[in-house]
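Presented below, as structure tokens, is a lone chain in the form predicted on its own.
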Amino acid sequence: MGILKYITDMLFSIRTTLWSLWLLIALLFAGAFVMPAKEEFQTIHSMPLFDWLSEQNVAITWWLWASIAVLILLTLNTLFCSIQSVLKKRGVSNFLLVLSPQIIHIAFLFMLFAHLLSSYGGFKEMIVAGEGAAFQLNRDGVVLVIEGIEISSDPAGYMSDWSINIAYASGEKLIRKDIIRPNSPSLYEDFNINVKDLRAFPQKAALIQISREPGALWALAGGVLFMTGIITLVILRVKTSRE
């Protein structure tokens, strides 16, 4: 019982939040020195984070594992403190003022969940592709086909405009077609297809970045909730101070 009470007291304490944040900052600061010194970190964005971590030596990734542990503790601490705050103040007249900070906390949790999803299934890959090239996107057999590369040049020979016609297919079935243009990538489910560079000679080719962020929608939801909570809190604080 003594251990259980210690754990619950820790999860309900604001001191846990402060110490967790300071420890997280210290771990990330240590990582800022470890990463540039180890070439293994050059591939950290080429595969899901947890897949990459499982292949690396703990001697260079200890600070990342420790950071994940601190974030788990911080998540539990945020949940427990938010629930406690709402239950204690549910009888107050201006309940929205009590709820606004909790909306901000929920937004924080949404963003953490988004990063967790991307750490499991997110990746970024660079591919050099010519016209007619095809690449498999996922395990369901969806294929990205580069149907055509259009490059326009001005009288001086400099590139003035470009577009890439692509298609998504599965087996013999065409899913849909799309066009990638400057500042206009192609989106398919949670895949982002973007063009990083183009070459017109000796044959047309494009450097294509294929990235997958399964947590993108959760991050967007977290951002919207965070702004909603902040704006609501500020408005209510100003209104309360004038009364």
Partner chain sequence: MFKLHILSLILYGAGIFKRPFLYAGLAVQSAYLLSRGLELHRLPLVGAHDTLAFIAASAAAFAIPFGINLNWNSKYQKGAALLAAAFTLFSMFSKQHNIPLPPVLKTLWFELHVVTAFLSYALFGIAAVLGTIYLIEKVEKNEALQYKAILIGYCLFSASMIFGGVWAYLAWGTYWLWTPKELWTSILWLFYSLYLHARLRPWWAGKPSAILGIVGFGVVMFTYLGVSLLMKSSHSF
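Just so we're on the same page, rigid core means the largest C-alpha set that superposes within 1.5 Å between forms. Residue numbers count along the first chain shown, from 1. Computed from a predicted structure; not experimentally measured.
In what follows, reference is made to the form predicted in complex with its partner chain, a form of this protein that is not presented.
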For this session: Please run the contact check for S160 against its partner chain in the predicted complex: heavy atoms, 4.5 angstroms, yes or no?
Result: yes
Problem set entry | Touches its partner chain in the predicted complex: I3 (any heavy atom, 4.5 Å) | no
Exercise. Does its partner chain get within 4.5 angstroms of any non-hydrogen atom of A206 in the predicted complex?
Worked result: no
For this session: Considering only heavy atoms, tell me if Q56 and its partner chain come within 4.5 Å of each other in the predicted complex.
Result: no
Exercise. If we check its partner chain in the predicted complex, which of the residues in 34 to 50 reach within 4.5 angstroms of it by a non-hydrogen atom?
Worked result: M35, P36, I44, H45, L49
Exercise. Is there a C-alpha shift of 2 Å or more at N57 between this form and the one not shown once the rigid core is superposed?
Worked result: no
Exercise. C-alpha of L24: shift of 2 angstroms or more between this form and the one not shown, rigid core aligned?
Worked result: no
